[in-house]
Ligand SMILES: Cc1cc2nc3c(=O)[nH]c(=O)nc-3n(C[C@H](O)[C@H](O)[C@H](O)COP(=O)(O)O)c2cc1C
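The chain that follows stands alone, in the form predicted alone, written as structure tokens.
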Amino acid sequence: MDMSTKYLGLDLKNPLVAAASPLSREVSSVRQLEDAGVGAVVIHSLFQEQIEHEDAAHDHFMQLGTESFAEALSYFPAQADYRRGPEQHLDHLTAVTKAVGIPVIASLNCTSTGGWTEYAKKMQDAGADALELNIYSIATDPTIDAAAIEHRYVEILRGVKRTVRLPVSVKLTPYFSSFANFAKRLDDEGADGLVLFNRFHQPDIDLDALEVVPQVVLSAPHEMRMPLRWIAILDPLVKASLAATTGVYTSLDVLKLLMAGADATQLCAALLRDGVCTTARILDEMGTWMADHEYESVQQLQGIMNQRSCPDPAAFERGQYMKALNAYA
């Protein structure tokens, strides 16, 4: 069975990509992912805060006065909380690229234009095969409109594309006013790939301590339907590679996403919850299903259920909304 696919212009032996996660923090665990069968791996993000913490003066002023306001201590991680500084992160990236034979995708999350471009170049020099822009920001300022937020994404992409020769993907959230329009705009600006979707981690409140506390909750299987829907809509509209992430747990999830038009699927929660061995199980089950249904390759089934190819394209739009509600018993 030919499981190979092409993502970001890279040849992958299969469409299973290990998403950015704690599993990429050590070279040994990345080797385990490769041995388990993943087609590529995304290294955990380098954050602007890590870069800025290299400046001792910045760290001093970040901590100045926090002893007066207990809640201020929890706003940002202390310098010691970061496992690696930016240079160590780059060294780790180089070590991973030398240790494995699968494509290694670097991930970057910055807040300033200079941070995006400077470290995109450094990640290229460190040996990354591609770059994923993890643009994670929450629009809370009422004076900034949707157009300005979209423009910021475009400017980041333009700056990075001018700086590096690597293929560049943009990891997006679904919370844009006109998502199809914005995705097409990024495609027109030269994005080599779109990763759907980033998840905003929602904070919780500790009622006893009266503190806002971070809480990481792994995605649930039903969340796969959001990227499934949008990949099916976008696949006929954009040239960029499409990767699905969030809620991808089983071989059936992967097959559905490929049929919708995905070039790759990123696994995170499934690997963290069930272990890296789940990759081999998914690949084995995919092969069995494809043989039973007389598919000889991943390419044969990619996009056969996107909006343009689907026998019922309205299923991805409003047409099925009333039908779904009326069918519920």
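Residue numbers run from 1 along the displayed sequence. Since we're looking at a predicted model, the values are computed, not measured.
Although not depicted, the form predicted in complex with the ligand is the subject of the following passage.
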Okay, which stretch from 31-39, 295-303, 277-285, 259-267 lines the ligand in the model of the complex, with non-hydrogen atoms inside 4.5 Å?
259-267
Test of understanding: in the model of the complex, would Ser169 fall inside 4.5 Å of the ligand by heavy atoms?
no
Ala20 versus the ligand, in the model of the complex: is there a non-hydrogen atom within 4.5 Å?
yes
Using heavy atoms and a 4.5 Å limit, would one call Asn134 a contact residue for the ligand in the model of the complex?
yes
Do Ser107 and the ligand share at least one heavy atom pair within 4.5 Å in the model of the complex?
yes
For the three residues Ser178, Gly193 and Ser241, which mark the spot I'm curious about, does each lie within 4.5 Å of the ligand in the model of the complex through at least one heavy atom?
no
Tell me, out of Ile144, Val213, Leu207, Val216, which residue has a non-hydrogen atom within 4.5 angstroms of the ligand in the model of the complex.
Val216
Only one of Arg199, Lys161, His92, Lys122 gets a heavy atom within 4.5 Å of the ligand in the model of the complex. Which one?
Arg199
